[in-house]
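First, one chain by itself in structure tokens, the form predicted alone.
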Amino acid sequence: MIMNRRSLMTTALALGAMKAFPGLSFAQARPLVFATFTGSWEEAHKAVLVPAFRKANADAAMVLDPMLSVDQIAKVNAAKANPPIDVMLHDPGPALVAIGQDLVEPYPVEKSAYYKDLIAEAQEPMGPAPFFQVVGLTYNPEAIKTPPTSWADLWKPEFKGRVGITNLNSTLGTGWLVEIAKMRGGSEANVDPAFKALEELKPNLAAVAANPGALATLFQQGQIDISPGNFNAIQILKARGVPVEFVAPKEGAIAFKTTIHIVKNSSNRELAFKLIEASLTPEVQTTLMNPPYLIVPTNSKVTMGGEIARVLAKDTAELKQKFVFQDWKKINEQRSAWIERFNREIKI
């Protein structure tokens, strides 16, 4: 048989990948690539989801590629025909963008053993939601003796130079901006009051972090004492002995679902599906619900317990009653302009 140059190169690449990843088959050609989030999400998935997936799939080779949703979308858009990512993880706003730009495939619900067990809000046909995230106030109890109770507490004079926030590339940052707008009379369609509030917050700002993981690191380094923050990120810091606590503000903590998607034209569709299936299992979700990760589960067969039941909600019904769910379709209409404005105006 005569092989042309292209065939030889393809074979060489496959053999090289197999050498680098001994568990890789010739047919797979390269390891499965899962674009997770940075910080606590990468840690949780590396420690729990990846081992569960590999155990159930003959030790299949895979790599985590941690990055923000906006970077995931840009990376796939740059190589749609042969994407370098097989599975994407998204918050509500970026998920709508990825779907709208035809970057992900419908989830094969008919093949799934666990999709039917998810709560109704998590049954997204373009990619199910394995987890909820909750954003509230985080603070250092050694530096702040009286726990904060409102988003408005971030503006208190005693917190001058001790407040941290994230930029608007993260869902945490954008979601918090919307809640500040509402607090000042605005809405998802009008965040001008929030930008005015941010201008007033500047004396208190110590840092604007690039992402939630970087924000959590600022607590660990002692650079900030109070911020909006993700519940699960704070729990990992607490497990390391960092003095930090979480409280739901009286205006309501923000809850949003995190969806997981098979990238269109992925060369590893079957393994991508199996990775997502692993994320939906009661076993993985129960493990991630417990310390130190404390990620809110969506599988109805998982009973909420521990710190999640104590601080957030005893079940998903209570979660939906207590927390704020935002209109991300409306937010997406102007988010790019908000990001540009934030980067231009909010400098410290």
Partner chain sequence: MGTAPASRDVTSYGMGLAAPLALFFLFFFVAPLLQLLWLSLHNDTAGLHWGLGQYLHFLTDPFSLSVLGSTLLLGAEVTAVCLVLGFPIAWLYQRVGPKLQTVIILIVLLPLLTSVVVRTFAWIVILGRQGIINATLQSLGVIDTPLKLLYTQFGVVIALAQVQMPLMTLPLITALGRIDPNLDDASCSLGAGSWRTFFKVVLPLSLPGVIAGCTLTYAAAITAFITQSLIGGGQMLFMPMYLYQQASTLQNWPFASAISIIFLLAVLAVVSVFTTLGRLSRGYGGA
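Numbering follows the first chain given and starts at 1. Being a predicted model, the structure only gives us computed values, none of them experimental.
There is another form of the same protein, the form predicted together with its partner chain; it is not shown, and what comes next is about it.
**Student:** Check each of 204, 112, 267, 167 and return the one that places a heavy atom within 4.5 angstroms of its partner chain in the predicted complex.
**Tutor:** Selected residue: 167.
**Student:** Just give me the single entry in 187, 123, 221, 149 that has a non-hydrogen atom within 4.5 angstroms of its partner chain in the predicted complex.
**Tutor:** For this set of options, the contacting one is 221.
**Student:** Since the chain is shown here on its own, which stretch among 270-278, 114-122, 72-80, 241-249 would lie within 4.5 Å of its partner chain in the predicted complex, judged by heavy atoms?
**Tutor:** Stretch with heavy atoms near the partner: 72-80.
**Student:** Answer with yes or no whether residue 324 is in contact with its partner chain in the predicted complex, where contact means some heavy atom within 4.5 Å.
**Tutor:** Although its partner chain is absent here, residue 324 would stay clear of it in the predicted complex, with no heavy atoms inside 4.5 Å.
**Student:** So, in the predicted complex, is residue 208 in contact with its partner chain at a 4.5 angstroms heavy atom limit?
**Tutor:** Contact with its partner chain, yes.
**Student:** Would residue 182 sit within 4.5 Å of its partner chain in the predicted complex, counting heavy atoms only?
**Tutor:** Judged by the heavy-atom cut-off of 4.5 Å, residue 182 is well away from its partner chain in the predicted complex.
**Student:** Do residue 96 and its partner chain share at least one heavy atom pair within 4.5 Å in the predicted complex?
**Tutor:** No, residue 96 stays farther than 4.5 Å from its partner chain in the predicted complex.
**Student:** With its partner chain taken in the predicted complex, which residues across 170-190 come within 4.5 angstroms through any non-hydrogen atom?
**Tutor:** Stretch hits: zero.
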